[in-house]
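In the block that follows, a single chain appears as structure tokens, in the form predicted on its own.
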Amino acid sequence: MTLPYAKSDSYKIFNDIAGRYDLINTVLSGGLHRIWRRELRRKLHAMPDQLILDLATGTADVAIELTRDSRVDKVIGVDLSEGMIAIGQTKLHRLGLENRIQLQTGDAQKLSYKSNRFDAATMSFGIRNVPDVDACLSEIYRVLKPNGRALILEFALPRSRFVRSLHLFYLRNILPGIGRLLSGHGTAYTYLNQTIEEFPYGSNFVGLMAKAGFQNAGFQSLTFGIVNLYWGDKV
């Protein structure tokens, strides 16, 4: 099965569904996305006043979660979707976080920032949609300071055959219909299972991080293995 869009154009779909994205995210994950974001935040290095780059920031939920941590001074969120950024800006204004979070449009494969700038870089459920994963990881490594940490959340397939079969049934047969109903978009969630099934996860993704130069790379399975939290350090 072939995707009905090029990955380089996936941000256009997010433009189309931006206004409903947060609701869809909550419904389809059963609210678990909040737990996953907290786990990511807890993996930050124990250093004060961190400047963090949040890639595929979307409507800024991860950036907002990061600012709840006393170790974080400021977050710069980057996304190709102007529609998602606009929703995020509205949130920041409502929460009074405009001085701590700055949102910008940009490509995670070609970052405009100088090398060795950020204390940490995060990316949640976005790297799966990047056309060149190696380029993205290399850019993350480049913009991190020495001792900086990359933290990446991404969907995976559970190791347990029973749990995997249940999860695949949900992805293939239930999720697309709910996503279509909530988003009003014909294909936005139809091929989600394909992108998950084809993307390297677990030790395979850790290998890609090591290839990009990250040390101490590893991962933690969350929620029976449907999501993995990856980390790697620039030494």
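Worth saying up front: this structure is predicted, and the values here are computed from it rather than measured. Throughout, we count residues from 1 along the sequence that is shown.
What comes next is about the form predicted in complex with a small molecule, which does not appear here.
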Note to self: Is the small molecule in the model of the complex close enough to Asn116, Ile140 and Ala217 that every residue in that trio has a heavy atom within 4.5 angstroms of it?
What the structure shows: no
Margin query: With the partner left out here, check for me: in the model of the complex, does some heavy atom of Leu80 sit within 4.5 Å of the small molecule?
Written below: yes
Margin query: Does any part of Pro158 reach within 4.5 Å of the small molecule in the model of the complex? Heavy atoms only, please.
Written below: no
Next item on the list: Give a yes or no for Ala108: in the model of the complex, does one of its heavy atoms lie within 4.5 Å of a heavy atom belonging to the small molecule?
Entry: yes
Notebook entry, point to check: Ala150 near the small molecule in the model of the complex, any heavy atom under 4.5 Å?
Noted result: no
Check: Taking the small molecule in the model of the complex as the reference, which of Leu144, Ile76, Val130, Leu92 has a non-hydrogen atom within 4.5 Å?
Finding: Val130
Notebook entry, point to check: Which one of these stretches, 117-125, 67-75, 95-103, 160-168, sits within 4.5 Å of the small molecule in the model of the complex when only heavy atoms are counted?
Noted result: 117-125
